[in-house]
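Shown here is one chain on its own, the form predicted on its own, set out as C-alpha cells.
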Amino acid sequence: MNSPGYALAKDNDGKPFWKFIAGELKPKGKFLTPFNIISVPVMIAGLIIIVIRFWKGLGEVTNLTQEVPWGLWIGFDVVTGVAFAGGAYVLTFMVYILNMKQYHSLVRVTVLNGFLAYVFYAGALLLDLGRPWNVINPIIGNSFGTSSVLFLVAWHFLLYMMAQLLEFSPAIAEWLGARRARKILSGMTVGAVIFGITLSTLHQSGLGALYLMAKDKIHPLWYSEFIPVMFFVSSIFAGLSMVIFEGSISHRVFFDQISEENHKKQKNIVRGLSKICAVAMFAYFTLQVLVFIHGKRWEYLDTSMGYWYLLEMIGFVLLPMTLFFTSYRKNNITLIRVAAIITMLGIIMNRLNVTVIGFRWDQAIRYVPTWMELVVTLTVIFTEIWIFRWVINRMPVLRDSPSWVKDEE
C-alpha cells in the first residue's frame, strides 16, 4: 500500500518530485518577447534602486518628507492595487454564495490575481516604511494599540492572504498530483471563501478609514466621513473591471489553455459583469452626489481642483457607467472592454486624488514622486505579472483540472 506522501513523491509522469519541480522551474516558450524585453531592464533597475533604498534610506530615492510620509508606493501600490484585487471577493461571493455558476471558470484566475496582488503590495509596503523591521508593530498592536485602524487593516491583510491561498490551494494540489491533499483542501474552500469575503469587505473600507484622520490634509472635495463606504463600493466595479481587462488579455495570450466551452462562454460572462459594474457605479455616483450636496462644497467647483474633481466624476465615473449600460443592452463586447479600461483609470485617479494629489494640496512645495519611485512601482507590477504567467503556464488555472479530479468527484 502506498504511503500518504506517495502522491507527492512523483508527478503524473512518474518522475521523482525534485526532478518534477526542477523541470517546472525552467522557462517555457519564447524569451525574447516584447514584454520580456521591456520588463527585464526595468526590473533590474528597480532591484538596484530597492537595494539603495534599504542601504541609504528613503530620502535617497524618494521625495517623501515628514509632512508627506506616504507617497506613490502607498497611494498606488497598496491603496489602488487593493481596489483592483477586489474582483476576488466579489467573484467568489457571486459563485459560492449566490450560486452564479456561469462565472465559475473565472474564479481561480481571479483569486490567483488577487492573492499575488496582496502579496506584492504588502511587500511593497515594506519599501515605504522608514524602519521596515517595525512592520510587526501594527500586527501586535505595539505603539498603535488594538483599537487602531492600522491594527485592523494589518490583520485583515494577513488573514485575507491566508484565505486566498487556501482558496487557490486545490489548483496547487492538482499541479503536484496530491490527490488526498486536494480532496481535503477542496472541502475547506467554501469556509475560506466566506472568511475571505468578510475580511475583504472590512479592509476595503478600512483602507479608507485610515484617511479619516487626515481631515485637515485632504482636499474637501475628496474628504468626507464616508470615505470607507466609497472605498468599499468602488472596489466592486474596480475589481470586476480588472477581471474584464485581465480576462480579455488572458484569452488572447493563453488561448490554447482555455477549453472551447469556456471560449464560447466568455462574451456572456463579460456582458454579465458589465451589468454588475454599471449598477455598482450608479450606486457609487449617487453616493458621491449626495455627499457633495450634503457637504455644501459648491464653492470649490470653480477652482482648478474643482475642475479636476468634475473630470473624475463625469469623465471616469458617469461616462464609463453609461458605456457599461449601453454596451450591455447592445451586447457590444468591445465597448465593455473600453468602459473597463476607463473605469480602471478612474479608480487610479480617485485613489491618487485621496492619497497623493489632494493630500497637502495647499502646500507651497508639493510632493512629486521621483523617477526612481516610478521604476520601483513598475518593478513590482512586472514581477507580479512574471509570476502570474509562470503559474498560469503550469497549474490548472485557466485550463481544465486533470482527469483524475473528475473521476474522484
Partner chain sequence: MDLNRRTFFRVLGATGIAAATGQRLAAAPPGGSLTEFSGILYDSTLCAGCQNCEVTCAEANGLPAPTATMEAGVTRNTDEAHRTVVNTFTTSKGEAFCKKQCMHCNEPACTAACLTQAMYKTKEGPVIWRGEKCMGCRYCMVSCPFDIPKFEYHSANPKIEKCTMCYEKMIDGKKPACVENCPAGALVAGSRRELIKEARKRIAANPDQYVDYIYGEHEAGGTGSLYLSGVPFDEIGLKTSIQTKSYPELSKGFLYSVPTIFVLWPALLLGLKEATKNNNSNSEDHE
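Residue numbers count along the first chain shown, from 1. Since the model is a prediction, treat every value here as computed from it, not as a measurement.
There is also a form predicted in complex with its partner chain; it is not shown, and the following applies to it.
*Hey, in the predicted complex, is residue 298 touching its partner chain, heavy atoms inside 4.5 Å?*
Taking the distances in the predicted complex, the answer for residue 298 is no, it never comes within 4.5 Å of its partner chain.
*Could you confirm whether residue 81 comes within 4.5 Å of its partner chain in the predicted complex, counting heavy atoms only?*
Close contact is absent here: in the predicted complex, residue 81 is far from its partner chain, nothing within 4.5 Å, heavy atoms only.
*4.5 Å heavy atom contact, residue 130 to its partner chain in the predicted complex*: The answer is yes: residue 130 has a heavy atom within 4.5 Å of its partner chain.
*Wondering, does residue 169 line up within 4.5 Å of its partner chain in the predicted complex on heavy atoms?*
Heavy-atom contact with its partner chain at 4.5 Å: absent for residue 169.
*Given that the partner is absent here, state which listed stretch (249 to 257, 311 to 319, 173 to 181, 195 to 203) has heavy atoms within 4.5 Å of its partner chain in the predicted complex.*
It is 195 to 203 that comes within 4.5 Å of the partner.
*Is it the case that 262, 306 and 348 all touch its partner chain in the predicted complex, with a non-hydrogen atom of each within 4.5 angstroms?*
Looking in the predicted complex, the three residues 262, 306 and 348 all stay beyond 4.5 Å of its partner chain (heavy atoms).
_Contact residue in the predicted complex, from 148, 331, 266, 186 (heavy atom within 4.5 Å of its partner chain)_ = For this set of options, the contacting one is 148.
_Proximity to its partner chain in the predicted complex, single hit among 162, 338, 229, 140 (heavy atom within 4.5 Å)_ = The residue from 162, 338, 229, 140 that makes the contact is 229.
*Are there residues in 71 to 101 with a heavy atom within 4.5 Å of its partner chain in the predicted complex, and which are they, in order?*
Read in sequence order, the residues that approach its partner chain (within 4.5 Å, in the predicted complex) are 93, 96, 97, 98, 99, 100, 101.
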